[in-house]
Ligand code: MF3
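The form predicted on its own is given below as one chain in structure tokens.
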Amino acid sequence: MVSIKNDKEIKALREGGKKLARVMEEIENNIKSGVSTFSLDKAAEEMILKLGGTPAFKNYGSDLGQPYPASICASLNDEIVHGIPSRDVIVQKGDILKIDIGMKYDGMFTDMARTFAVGKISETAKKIKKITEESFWKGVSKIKNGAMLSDYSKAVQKCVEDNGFSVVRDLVGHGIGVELHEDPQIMNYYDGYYYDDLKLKSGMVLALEPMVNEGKYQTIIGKGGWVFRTKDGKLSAHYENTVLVTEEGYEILTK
């Protein structure tokens, strides 16, 4: 069941979302050639704690015996999501780096992701980064009370495919708030056969996150069970915000 957040919960989400956006800005300021993804993770965790929050990702999945070991996901180039920070993973010029972070603040979760260029990147990398963000804005423009969730999915898919890229299908967005992952699952593409549609209502809070591949949409998952990569080894990009459905449209909470 998709929950409707009350005024107190929405206030906490607004405050937490602003703080999380500040953490993302701090991470961006630290991204440069030669830094390790481990150092970015530590900087993010320290700032989350300083702002009165707790990292949402660290130890996630411990109930399943496979806890995520870090506070951010740091995914390079053909890694789609869930890249695990490491002292051995050094960011280099020409990379695109996806940072995904979540935080619990005042009992409520927010989540966001960005794709960053490290120095000068290829024209293809520039384009996929740009189109992934653009697809988010095309999709979120359809969000409002009374709209169908599929309106979002169709808009994202059209933007991505019209520009020659593909939408990841094995990974989706999600509801968020009291838990990090809540109903509904939010596909970034529309398949009328498998798609479980939903009429949106004011007070719903959604983590909308297009994941876009340069080549085909198929993925593979690494031995550790966390890191998703493109099956064909080509680039992938990611863009995410926590979004409140309102009567007139939407409100970006992670800004």
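The first residue of the sequence shown is number 1, and the count goes up from there. These figures come from a predicted structure and were not determined experimentally.
Not on display, but discussed next: the form predicted together with this ligand.
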{"item": "Partner contact for residue 82 in the predicted complex: this ligand, 4.5 angstroms, heavy atom", "value": "yes"}
{"item": "Exercise: residue 128 in contact with this ligand in the predicted complex, heavy atom 4.5 Å", "value": "no"}
{"item": "Proximity of residue 181 to this ligand in the predicted complex, heavy atoms at 4.5 Å", "value": "yes"}
{"item": "Contact flag, residue 97 vs this ligand in the predicted complex, heavy atom cut 4.5 Å", "value": "no"}
{"item": "Triplet 144, 156 and 239 all within 4.5 Å of this ligand in the predicted complex via a heavy atom", "value": "no"}
{"item": "Partner-contacting position among 228, 217, 189, 60 - heavy atom within 4.5 Å of this ligand in the predicted complex", "value": "60"}
{"item": "Listed residue (73, 160, 108, 168) with a non-hydrogen atom within 4.5 angstroms of this ligand in the predicted complex", "value": "73"}
{"item": "Among 35-43, 217-225, 52-60, 195-203, the region lying within 4.5 Å of this ligand in the predicted complex by heavy atom distance", "value": "52-60"}
{"item": "Members of 1-26 lying within 4.5 angstroms of this ligand, judged by heavy atom, in the predicted complex", "value": "none"}
